[in-house]
Each structure stands twice: as structure tokens, then as C-alpha cells.
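Read the single chain below, which is given as C-alpha cells and is the form predicted alone.
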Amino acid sequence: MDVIWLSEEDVRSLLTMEVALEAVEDAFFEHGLGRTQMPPKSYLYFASHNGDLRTMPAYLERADVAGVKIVNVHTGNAMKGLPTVMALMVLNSTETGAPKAVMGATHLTGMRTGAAGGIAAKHLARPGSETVGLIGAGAQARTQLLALSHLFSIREVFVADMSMERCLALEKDCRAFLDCNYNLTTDPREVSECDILVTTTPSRKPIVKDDWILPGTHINAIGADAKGKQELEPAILRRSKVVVDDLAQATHSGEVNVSLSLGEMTAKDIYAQIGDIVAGKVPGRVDDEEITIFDSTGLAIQDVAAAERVYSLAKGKGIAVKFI
């Protein structure tokens, strides 16, 4: 059986945000109907290097596609000229177990995570949302905004980061797909009064305070993806409709993990998994005043669904390179 190799450049040329949004929403739908297999991601922690390595296997039963992603998060990589997150994806034949494709998955990871935030906002943000606040101006903030720009008519973006240089770089990059009014600051409080707030930091203590958040706000909490990380003050969780991507994974490593471990909330305080909403099993937002939170840890089913579409597009366009 031939195994093909797809470079990061190949994946970037094939995986548009439109493709990613479709793949991720389908994956959430299948998850909501219980037609996936996805053990919680496993971690190796490198404390002396401020990083970790994760493996993420998944199987989507109806589509009959499976694979595993290996991905790191090293917060000091920027000082070395490397991305904070890098990844490699392997797709496997479900018939034989043999690998059928190996591909760079750094771009894929960013796009599917952005798409997850977009799909969550589609179901949880107020219809007609026009303003977006970004706390953190790194790579993930860009794909979050890209996804939202495909689903909402955004007229104003607020960006907060400790580095004004990063804020300016984000504005420059994002104007290529969203030319609207950008407000840049180093104070996160100044971006919180918005329709959709997105947090994409590696923080291990709350950045966003409860009294900043207005009724009707939707929050995509993206940064907390490992044990001990949190970006939101626990009081925000207690007065919000909290939706996770996967209950088992989020309780271990999502935004809710610290509050759960300290007894500040219980699993009963979590409203639903996003797949339950996408599949129509429970409603999403029900009024304009409620505060909604999407706790995104990143699911292997998102990677497999997106990678399978990349694989099919590559085969169709004849750009795949034989690997083995």
C-alpha cells in the first residue's frame, strides 16, 4: 500500500477555512451522536524546557477514517525562531491499519482550532454579533478571527497583548482577510466589552475578570489546553452557560480543570458538549442576555476529519508525493 507525504506547504494550499469549518462541524456532529472513538490525549511533560508532547488518536465511524496526531506546545519557542505549536499527522487505513498518509499538521492544527471556535460561536454567540475581542495576539488569534470572519459580519476588532509589536503584526496579517476597525492595547480589560471574546494565551492564572464581562457575551476560551492552565476568573464560569468540546478531556485539561480541581464548580455545572448542540440534542444560546463559554481543548476527531479532506483533495489534484 502506497503512503503519501504532504508537506506543510501542501497542506496550506489545500486546507482553506471553508474546508476546515465544514470538517470540524461534521466532526462535532458525529461526536454528538456518539459515532466516534477518541481516547483523551496523552501528555509527556518537559518541565525543564517549558513544553509538552501530546498524542491524539481518533476514529470517525461513519466516515470510516482514523489517524493520530503528534503535537507539541513549547512556550519558549518564539525565542528560538520556532512556532509554539508544531505537529505531524498520520492517517491510517481502517481496513488494514497501514498508514496511508503522513502530513505536516502545524497549519492543520491552527486551522481546525480556529474553525472549532467559529463553529462554537455560530451556535452560542448572539446572531448578528459584530465586535470581537482578542486576548493574545499569536498565531491562534489569527485563525480564530479568520473563522469568525467567515460566519459573522465583523465591523470592529479589539486586540490585547503584552507586546504592542505583536498586536501590530496581527492587525497587518488580518487586514488581508478582514479590513475593519482595529483597536490595539496592552490592557486586556479594554477588549472585554464585545460580542465575542477570544482568549488564546498560555496563562496559568486568570486574566479575564468577572466584572469585565457584560450580559450576552460569548467567550471562546482557547488557551487552557493542559492541566493547571486557566484564563477566566472562576466566577465567570459560575454565571455562564459552559459548553466543552469533550467532557473527559476538558475536565482534565480545559478551562474548567482548575475550578473543578478546587471544588469551585462541579461537572454538573457544565451545560453540554458542543457536539450535543451541533447534533440538535440540546439548544445552544436561548436568549440575548446569557453569557456563553466554549471551553476548547482541541479534539483528535477535528484533526482526523480535516486531514482526511486534505488527503482527498491532494489525491484528486495529484499533488501527493509517494513516501513509502
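Numbers follow the displayed sequence, beginning with 1. All of these numbers come straight from a predicted model, not from anything done at the bench.
A second form of this protein, the form predicted together with a small molecule, is not displayed here; the remarks below concern that form.
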Is there a heavy atom of residue 84 no more than 4.5 Å from a heavy atom of the small molecule in the model of the complex?
yes
I'd like to know if residue 298 sits close to the small molecule in the model of the complex, meaning any non-hydrogen atom pair within 4.5 angstroms.
yes
4.5 angstroms heavy atom contact with the small molecule in the model of the complex for residue 236:
no
Is residue 136 close enough to the small molecule in the model of the complex to count, meaning some heavy atom within 4.5 Å?
yes
Is every one of 243, 276 and 292 in contact with the small molecule in the model of the complex, taking contact as a heavy atom within 4.5 Å?
no
Of the listed stretches (147-155, 189-197, 220-228, 124-132), which one has a non-hydrogen atom within 4.5 Å of the small molecule in the model of the complex?
220-228
Counting any non-hydrogen atom inside 4.5 Å, which residue from 180, 162, 248, 169 sits next to the small molecule in the model of the complex?
162
Please identify the residue among 216, 202, 104, 99 with any heavy atom within 4.5 Å of the small molecule in the model of the complex.
202
